[in-house]
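First, one chain by itself: the form predicted alone, in structure tokens.
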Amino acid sequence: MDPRTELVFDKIAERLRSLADPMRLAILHLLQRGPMRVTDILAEVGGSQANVSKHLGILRQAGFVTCRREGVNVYYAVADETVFTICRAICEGIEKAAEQEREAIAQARALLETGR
């Protein structure tokens, strides 16, 4: 494999890995509303402050969120809106697969009911 191609694949995989956690996806979903403090995020998603902060750090390192300090408060915000395009595309794929499965089940059920 061309080293340049491998580098691009590594970068893509790194960003996708940063999204591969339900807590991080929940945090991103919350941040669609606008900037939030860690304590506000914590109140919505639960868990410990250390855990939420760890997830925010991963999202920040991946470039999906940014933070700014105002006095004692740190506000996190979405830095890269393309993350929601990725999530929408995955949701659409899940919905399509579910519909295909539903159709296959309906066809199999019809065959069972007719005794074929």
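Remember, it's a predicted structure, so these values are computed and weren't measured experimentally. Residue numbers run from 1 along the displayed sequence.
This protein has a second form, the form predicted together with another copy of the chain, left out of what is shown; the following refers to that one.
At the 4.5 Å threshold, heavy atoms of Arg102 stay clear of another copy of the chain in the model of the complex, well away from it. For the chain shown alone, Ala50 is not a contact residue for another copy of the chain in the model of the complex, no non-hydrogen atom being within 4.5 angstroms. Another copy of the chain in the model of the complex is not approached by Ala106, whose heavy atoms all lie more than 4.5 angstroms from it. Although the partner is absent here, Lys54 lies well away from another copy of the chain in the model of the complex, with no heavy atom inside 4.5 Å. Heavy atoms closer than or equal to 4.5 Å to another copy of the chain in the model of the complex belong, across 3 to 38, to the residues Phe9, Asp10, Lys11, Ile12, Ala13, Arg15, Leu16, Arg17, Leu19, Ala20, Asp21, Pro22, Leu25, Ala26, His29, ordered by sequence position.
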